[in-house]
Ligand code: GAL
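In the form predicted on its own, a lone chain appears below as structure tokens.
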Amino acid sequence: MPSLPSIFKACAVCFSLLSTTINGLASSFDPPIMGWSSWNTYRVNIREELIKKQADAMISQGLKDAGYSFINIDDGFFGYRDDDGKLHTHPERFPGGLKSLSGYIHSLGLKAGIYSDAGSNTCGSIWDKDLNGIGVGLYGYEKEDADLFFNEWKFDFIKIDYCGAGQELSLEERKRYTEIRDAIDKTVGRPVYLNICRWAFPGTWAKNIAQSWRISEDISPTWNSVKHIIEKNLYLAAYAKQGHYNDMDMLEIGRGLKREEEEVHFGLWCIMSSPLLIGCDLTTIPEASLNLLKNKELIALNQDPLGLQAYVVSHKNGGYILVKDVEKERSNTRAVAFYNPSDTTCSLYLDLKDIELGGKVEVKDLLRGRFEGRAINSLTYTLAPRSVKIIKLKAEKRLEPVKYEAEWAYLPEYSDLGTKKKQVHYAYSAEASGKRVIRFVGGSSENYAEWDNVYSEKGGKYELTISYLPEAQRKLEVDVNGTKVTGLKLETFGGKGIATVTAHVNLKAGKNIIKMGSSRYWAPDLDAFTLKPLRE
């Protein structure tokens, strides 16, 4: 059997850290896009003048000045494909054509986005009975449509749906989106932003194709929809990095949600680094909703240069606490969200050591834009039902981390498409420290868990303690910076709750990489691990 380090090295994915365009993708440090999209309010019922009015409103409402820059035309612009295969726009809905409309959007200093399907038919043709959406998808016309959309019509972004490819033709996602990306790269001589709209986390391959990918079904202007999408994204932070983001779908701000629900909606989209695409009618948006969309402090979290998604550090009393670095990695400044999705009051306690902050900590409420004084050791907030508290913390010092939850790990074989019987995933476990374990990691050399930001201030020898759920016929292989950890003896009798196994490892100063898996067996369900320095 090959050694574990060689297996992991062979499976590793290399990311470019250059800020230039690579393989047709925009700069790897670009933040999530911000703008407006037609689908939520209008579905296929769009027209040329409607789009122009929304673009005008983007300017007059001050949204461009707040950072919103895209006007995205979704499904509904299609007319027909002629005998030569060329796509034409709807003659009544868009009499001036999309080249002219794209030019109008650009003349306002904005960017223009367009829509298509990876199959032959669009979602509107299936769900909205728009017969003009039949036969106008990208399938078989990838290069022709790429040339039309981006070279002739000058669009900057494309959302690619999957109704025609999935519901109609049952095509394979990775193959189809790769074919489309390749066609765009070969046809267009400039960066094109691409969004994969597959309604579930499609797999780690998506980062090589798109700047963002949907992780859930379509959003609707209801609390249950917003709550469900947040729940789907809570444990996907490991996949949002280097200019690529989990897309929580378009914003329903200004479409009937209550004030606290809108604050949850926008605040969580911001701290979780989702694209921010407004979905309401900008000409009639309520003032309170408009002011929320222009909240500079929350937008700064979303557009932060680190491009990180907040991850869950605590799940208790029905609520969640999420945290992420902002401005600079491992600085003394971090953003935190206290989130109560329940229908009852929730009290959330945070020991500041759990987010690696020490000394006196300055607290700023980002929703209200005001400082709240200083904290020492801990913070406690009592949250109303369906509400959020988002703060920025600036501490006297940053502490070395001690504990790493399993649900923070990057899983190269993870997907939420439901195509595998035993798919590696983040599973609920009442016994786990964060109420989540990694299940079905192992079984092959490719299916492992990776923590790539295990930090040590000075390096040296550490005691590594791994928490897991014991079960017979499970094996665990651990790799630290390319060195296999030996001597791990697991308990095999289940039903006793969380067990631990300990080993001594060497860490280097700065970031370290720890990988866990099992090349030929299932690994046990992993809960967490801790690192304790061993001083000689």
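Just so it is clear, the structure is predicted and the values come from calculations on it, not from any experiment. Residue indices: 1-based, along the sequence shown.
Just so you know, the form predicted in complex with beta-D-galactopyranose exists too; it's not on screen, but the next bit is about it.
- Judged against beta-D-galactopyranose in the predicted complex with a 4.5 angstroms heavy atom cut-off, the residues Gly124, Cys163 and Met250 are in contact without exception.
- A heavy atom within 4.5 Å of beta-D-galactopyranose in the predicted complex is found for one listed residue only; from Glu179, Glu327, Asp218, Asp147, this is Asp218.
- Proximity to beta-D-galactopyranose in the predicted complex, taken as a non-hydrogen atom within 4.5 angstroms, holds for one residue of Asp74, Asp156, Glu173, Glu405, which is Asp74.
- Only one of 193 to 201, 374 to 382, 235 to 243, 339 to 347 places residue heavy atoms within 4.5 angstroms of beta-D-galactopyranose in the predicted complex, namely 193 to 201.
- Although the partner is absent from this view, Tyr115 contacts beta-D-galactopyranose in the predicted complex, with a non-hydrogen atom inside 4.5 angstroms.
- Contact annotation for Tyr468: none of its heavy atoms lies within 4.5 Å of beta-D-galactopyranose in the predicted complex.
- Contact annotation for Trp39: at least one heavy atom lies within 4.5 Å of beta-D-galactopyranose in the predicted complex.
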